[in-house]
Ligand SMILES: Cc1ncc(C[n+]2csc(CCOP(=O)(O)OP(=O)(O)O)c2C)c(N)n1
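Given next, in C-alpha cells, is a single chain: the form predicted alone.
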Amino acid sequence: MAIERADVLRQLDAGFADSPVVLSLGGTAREMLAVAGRKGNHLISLDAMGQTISLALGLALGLQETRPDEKVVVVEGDGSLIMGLSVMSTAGHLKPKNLAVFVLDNGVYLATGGQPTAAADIDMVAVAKACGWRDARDVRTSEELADAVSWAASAPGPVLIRVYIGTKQLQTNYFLEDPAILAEDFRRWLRSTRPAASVG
C-alpha cells in the first residue's frame, strides 16, 4: 500500500519542526497547510514550478556559515523536479552540507488532471549521485520514511530522498497568498529564531 502525501508531510513537519522547510507549489503546499497549519519556518514556493530546489539551494548556501548544524529541507514533487532538473548538477557541484531534498513522487501532474510525468523512467537516486550529491535513497514504506527523516537530519548534504507516494489528495482550500508576504513571514521567522543570521 502506497504512502500518501499527507502522511509524509506530517512526518516531515514533525521531524523538522524547527528547521527551514521550503515547500513546492500546489497540492503539496495546500496539504501541508491542512495537516500542520501555517508555520513561520515553512516557505511556500508559490506558483514557481521547477524552482523549489533552486530557491532552497540559495537559502542553504546563505545559512551554512551562521546555522551550519541546521538542515534546509526541501519538499518537492516529481514533475516540478523534472522541470528544473539542471539544479541537480548545481547542487552537486556546490555541495551544501545543510541541504536535504525530499521528492514526493506520485508519477503524475496531479493538479492538472493526473497526466503522467517522466519520473517512472528516471532513476533519481542515480542522477543525484552522478551529479555529485553526497548520498541519495529511495523510500517506499512508512518505516523507510521514518528512517530517512532521521538520516537526513544528521547526514552531511546534499542528500536526496525519493518518496514514492499514492495519488490520494486531501480536500483543501485554494491558497492565494501574496508571495512577498510569504517571503517576509519566513524572513521574520529566521530573524526571530537566530538573530545573528544574515537573511537579507
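Residues carry their position along the shown sequence, with the first being 1. Only a predicted model underlies this, so the values are computations on that prediction, with no experimental measurement involved.
Another form, the form predicted together with this ligand, is not on view; read the next lines as being about it.
Q: Examine residue 47 and determine whether its closest non-hydrogen atom to this ligand in the predicted complex is within 4.5 angstroms.
A: Residue 47: yes, in contact with this ligand in the predicted complex.
Q: Using a 4.5 Å heavy atom cut-off, state whether residue 130 contacts this ligand in the predicted complex.
A: It does not: once this ligand is placed as it appears in the predicted complex, residue 130 has no heavy atom within 4.5 Å of it.
Q: Is there a heavy atom of residue 190 no more than 4.5 Å from a heavy atom of this ligand in the predicted complex?
A: No.
Q: Would you please decide whether residue 85 lies within 4.5 angstroms of this ligand in the predicted complex, comparing each non-hydrogen atom pair?
A: No, residue 85 stays farther than 4.5 Å from this ligand in the predicted complex.
Q: Specify the contacting stretch among 22 to 30, 61 to 69, 139 to 147, 155 to 163, defined as having any heavy atom within 4.5 Å of this ligand in the predicted complex.
A: After filtering at 4.5 Å, what remains is 22 to 30.
Q: Could you list which residues of 87 to 115 come within 4.5 Å of this ligand in the predicted complex, counting heavy atoms only?
A: 106, 108, 109, 110, 111, 112, in sequence order.
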